[in-house]
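Just the one chain here, the form predicted on its own, laid out as structure tokens.
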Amino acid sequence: MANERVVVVGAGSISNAWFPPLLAEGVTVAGVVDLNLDNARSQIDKYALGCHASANLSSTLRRTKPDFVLDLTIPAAHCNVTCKALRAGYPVIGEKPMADSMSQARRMVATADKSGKLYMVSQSRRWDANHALTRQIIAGGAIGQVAAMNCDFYIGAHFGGFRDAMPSPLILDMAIHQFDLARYLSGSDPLAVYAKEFNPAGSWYAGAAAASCIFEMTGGVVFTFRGSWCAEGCHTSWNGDWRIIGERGTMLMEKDQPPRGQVVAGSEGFHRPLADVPVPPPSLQFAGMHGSLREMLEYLRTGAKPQTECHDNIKSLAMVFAAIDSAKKGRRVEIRA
């Protein structure tokens, strides 16, 4: 069990996904910081944390001296909260997306470098048994070199609230998951994108709730994303439905079912003979936020760098803002993290 202590910043609804794994790992919550003290006190009582509620991060850090900080604030506050914690000398794990602009994200990475403290982003879809299995199969060479990846994401999501008013709700608030998964599954990084954002007939969003994006990736991989947050009926998975095409075969992930695939098993015929790809049993023990928390704890104990530390994760965020930029300009845009 852990001996580490954490200060949690942000006591909104997302904190309900974090307090259980923190408690399961034996992490001591030394303080909960929120501009709304009632929210902080409510979560402290709900999870019997027995710690202090505060609206001031700096004073809480001075008083508690935690081992790390967990940033669960809204994206617009991530840069300020994370940089303040890093400058004070504390490693940070934060919710996605890293920031609501590339300039802020770069400032956060620079602050991590200057402070010498780790900053990682919890990109929770990486800690999913089906995604981990698919990555394992692809990395093992079962389908050969990856050539193309397609992801379809179609959900009719009636959130209400701020998403209904966002200029780019799908790409900015959701597609970071699929864009990061494309990097995770293929092991490739983004080079350029051509994107089209639009708001379909019947949409209840003010901004562009649908998009089609074509990404050029390293290794010659082409990743295509098609999606909508106002597509009623025949929903895909919230993770998206995926087709990963290699030189020897194809892997599918659909409807959150275990991955399946086929590879060429002969050299004759108009359609070559095919064989199913062997899929081992899942081995991932800790999913979602619990998985990312475990990587942070492993870093604190051994120094092992988490897979979503800021220097890596900013590449996924760059895909988001490059896609939005491409849609605005109506042309291909090169991606620079």
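One rule holds for the numbers: they count along the sequence shown, beginning at 1. Keep in mind that what you see is a predicted model, and the values were worked out from it rather than measured.
Only in words, not in the display: the form predicted together with a small molecule, which the text now covers.
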Contact assignment for the small molecule in the predicted complex, among Leu35, Leu284, Ala275, Leu300, heavy atom within 4.5 Å: Leu35
Listed residue that, although the small molecule is not shown, lies within 4.5 Å of it in the predicted complex (heavy atoms), from Glu216, Glu254, Asp173, Asp152: Asp173
For the interface check, one of 243-251, 90-98, 127-135, 206-214 should have non-hydrogen atoms within 4.5 Å of the small molecule in the predicted complex; which one? 90-98
Proximity of Thr73 to the small molecule in the predicted complex, heavy atoms at 4.5 Å: yes
Is Pro20 near the small molecule? Define near as a heavy atom within 4.5 Å, in the predicted complex. no
State yes or no: in the predicted complex, is some non-hydrogen atom of Asn39 no more than 4.5 angstroms from a non-hydrogen atom of the small molecule? yes
Mark Ala11 yes when one of its heavy atoms lies within 4.5 Å of a heavy atom of the small molecule in the predicted complex, and no otherwise. yes
